[in-house]
Ligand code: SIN
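Shown below, as structure tokens, is a lone chain in the form predicted on its own; questions about how it binds or moves come after it.
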Amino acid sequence: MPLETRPIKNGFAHELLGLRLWEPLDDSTTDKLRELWARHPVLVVRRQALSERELADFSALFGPLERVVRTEWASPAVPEVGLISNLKDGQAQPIGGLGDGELQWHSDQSYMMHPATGAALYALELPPKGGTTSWLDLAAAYAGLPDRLKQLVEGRNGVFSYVKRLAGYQGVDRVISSEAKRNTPPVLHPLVHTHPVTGINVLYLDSTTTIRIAGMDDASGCALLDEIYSFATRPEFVYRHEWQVGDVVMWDNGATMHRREPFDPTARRLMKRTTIFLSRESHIVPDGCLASEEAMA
């Protein structure tokens, strides 16, 4: 069956039909998928049945894979696959991370100087309700911004900090080594990027890691961020995904934020995830720098 696509949410997301991701893909299909992902930041593939190695091999078609940094969240068999789950092992220890609570709007790895912006998430066990994931179209959000806000945010850098992200985690997920903290100091990223393929301007935001705007006092910077978040999270910019077992959702963190709704902690949820270093020729890949003392003042 040839690859077919079905636009979702005004073309921001696309559902892909006719794919069996456990089978090798021919070059023309792979090229089409790469082109689609460059133009549509969220891709959805339903009814898949994948081993961890098959998930990793498919993900690697789009760029090198990152080994899971938090090894307690990593698959013991395939270190490029992370477990997102509230399940525990026979010793009552978590088998993965990010449990069952709510996750606010964020962009993965925004606190890194050179983030891996691609991600794929595969659903294996799901709660009967809750746990829905939503994505924001930050290109459409930028296009819709009032001119006043565009003028205020263009040319500005945000200060992104992993310490703020950690504070929003629950329980054991908040605990990382002092070495890991030293390796993730605050960084600067522009708040607006231009997409290398479409030429469209895109916001780069993360409500869980952005602590200020460089060159602005805290009150003014926080007020500007709050106003932009309020605008960007309007329903018309959101794709809300109702998970089904076997779903694979791929997204581009350079052009989106995403969030997860909470669910019953006694229900089972198991997802497997890969993180991908996407190409700078086809995707927005922020190239940050360490935040100076002046930027943090």
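Owing to the predicted nature of the structure, the values given are computational and were not obtained by experimental measurement. Start at 1 with the first residue shown and count on from there.
The discussion below concerns the form predicted together with the ligand, not included here.
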The ligand in the predicted complex: contacting segment from 43-51, 250-258, 228-236, 30-38, heavy atom within 4.5 Å: 250-258
Full three-residue contact with the ligand in the predicted complex, heavy atom 4.5 Å, for I84, L103 and R269: yes
Heavy atom within 4.5 Å of the ligand in the predicted complex - residue from A140, L121, V78, L152: L121
Listed residue that, although the ligand is not shown, lies within 4.5 Å of it in the predicted complex (heavy atoms), from Q109, T208, N157, T133: T133
4.5 Å heavy atom contact, K9 to the ligand in the predicted complex: no
Non-hydrogen atom contact L98 with the ligand in the predicted complex at 4.5 angstroms: yes
Contact label in the predicted complex: H14 to the ligand, heavy atom within 4.5 Å: no
